[in-house]
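Quick setup: one chain, the form predicted alone, written in structure tokens, and binding and motion questions come after.
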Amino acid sequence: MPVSTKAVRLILGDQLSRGLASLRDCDQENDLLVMAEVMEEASYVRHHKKKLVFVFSAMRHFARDLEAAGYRVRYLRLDDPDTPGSLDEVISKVVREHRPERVVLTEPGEYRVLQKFEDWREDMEISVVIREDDRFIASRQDFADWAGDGRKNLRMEFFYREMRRRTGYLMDGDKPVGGSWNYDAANRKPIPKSVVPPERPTSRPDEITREVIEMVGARFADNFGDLEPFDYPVTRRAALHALHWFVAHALEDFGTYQDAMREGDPLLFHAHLSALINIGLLDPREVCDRAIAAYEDGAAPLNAVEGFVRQIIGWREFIRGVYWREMPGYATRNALEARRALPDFFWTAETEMNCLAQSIGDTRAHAYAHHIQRLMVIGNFCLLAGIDPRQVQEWFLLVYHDAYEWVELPNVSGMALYADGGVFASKPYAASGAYIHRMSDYCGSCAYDVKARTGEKACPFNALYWNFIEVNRDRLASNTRMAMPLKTLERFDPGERDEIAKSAAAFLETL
């Protein structure tokens, strides 16, 4: 006799959490959990091969663990010829075959998928319940209430302080522990050659992951990025091990060197946990709790722990709030009217600019680069070169294994490219080669001279930076944080300004 189904509960690929809202009242005997690998989601951008392996392998492991815990699970694999090609077709197929009383969902992280869910709720003859994703500390309504409270500008720092008060993290009553909200000034040091980061643990692919690697290699052979070696955590147990290792071995120096870059060493002291949090294998609260416990035990300094907690309850939550507040029109904004096509070397990493070769090369190899490589090397170049925001957004979305539109779009459009005109960034994050030289060892083995502003061998970032200020000076004139570079530009003699424009134009022509 077939088992009746009261509810179908769809679990998305970035909802791999046992505490998911849509699972809390699950009737293990009569409800059906559905997970599906569908080509539409795997190919709406040409995802990095490692990102596909990470997501599909984590999904398969999560489904296995749910079954072991006694849940009824219907898992549709991409390599099964009967698997539908879209989520729309999946839900239609499952509802038709199992005839449930209702469909229960947790709200997705991306606007386009939420529109699917809303369509299901409108079109289906049975009840479709969409629950809030409360794995985030601030709900979408929480952020909307904060942002709508008469604020002229959205600034992460003030949202972060509110989140500190709300959670009690690193608080002494109503005041921050240590007397300061922010220790960023202590977290901007370049890393000396003598400092050696700790050796990281690896996760050897098991049989499930090996099967996924073979499938991705066969079906997505032309996608960007290296497929192997693959050693990322794909289970809850492995994710917890990665968290515990970071706190025990890298957190102590994370703060001091979090903005540093070193050739051939993309991870340094970084946690490398963002993908595990974004996919649901780690909860942001437990990650913060573990780091704060290390501070309270004297095992990690305040500047490191505060900086780490700020990235999670401050920046991560803030960016998500901006995304939902500004969608759907946010993705098409282009305040600086950037139109240039993305250069070919973004796919090959073949460029004489060593900082870009290293950052893009790390991305190609690992589906990962840390935040300064993303913002101040890759993003900064795209800003200065006037690359079309839509092309940059798609590139960032597909190349990083922790990227989903809710986190990628505001970071790229708002932070890196200033394409939103300053919704939350107080100024364009534009910098010359001097910043990269100060924070990395990239310039030492570069074909260009980081100290030269113009000329054939001058670092392209230098002329591009001053050309960016020149081209956008009318747009930036009212921004008080841009007053100093605008005044400096005015002091250049006409001949030097002309040389800057010629050098920038000559380089841009090579793209």
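Note that the structure is predicted; figures quoted are calculated from it, not measured. One-based numbering along the sequence shown.
Keep in mind that the form predicted in complex with a small molecule is not shown, yet the notes after this line are about it.
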Fill in the blank from the handout: Testing 482 to 490, 23 to 31, 66 to 74, 42 to 50 against the small molecule in the predicted complex with a 4.5 Å heavy atom criterion leaves exactly one stretch, namely 42 to 50
Exercise for the section: Counting non-hydrogen atoms within 4.5 angstroms of the small molecule in the predicted complex, say which of F346, Y330, W120, Y404 makes the cut. Expected result: Y404
Practice task
Tell me, out of G109, P301, G386, P176, which residue has a non-hydrogen atom within 4.5 angstroms of the small molecule in the predicted complex.
Solution key: G109
Problem - Exercise: E499 in contact with the small molecule in the predicted complex, heavy atom 4.5 Å - result: no
Problem - Any non-hydrogen atom of Y465 within 4.5 angstroms of the small molecule in the predicted complex - result: no
Handout entry: 4.5 Å heavy atom contact, A36 and the small molecule in the predicted complex
Key = yes
Practice task
Indicate whether the small molecule has at least one heavy atom within 4.5 Å of a heavy atom of A58 in the predicted complex.
Solution key: no
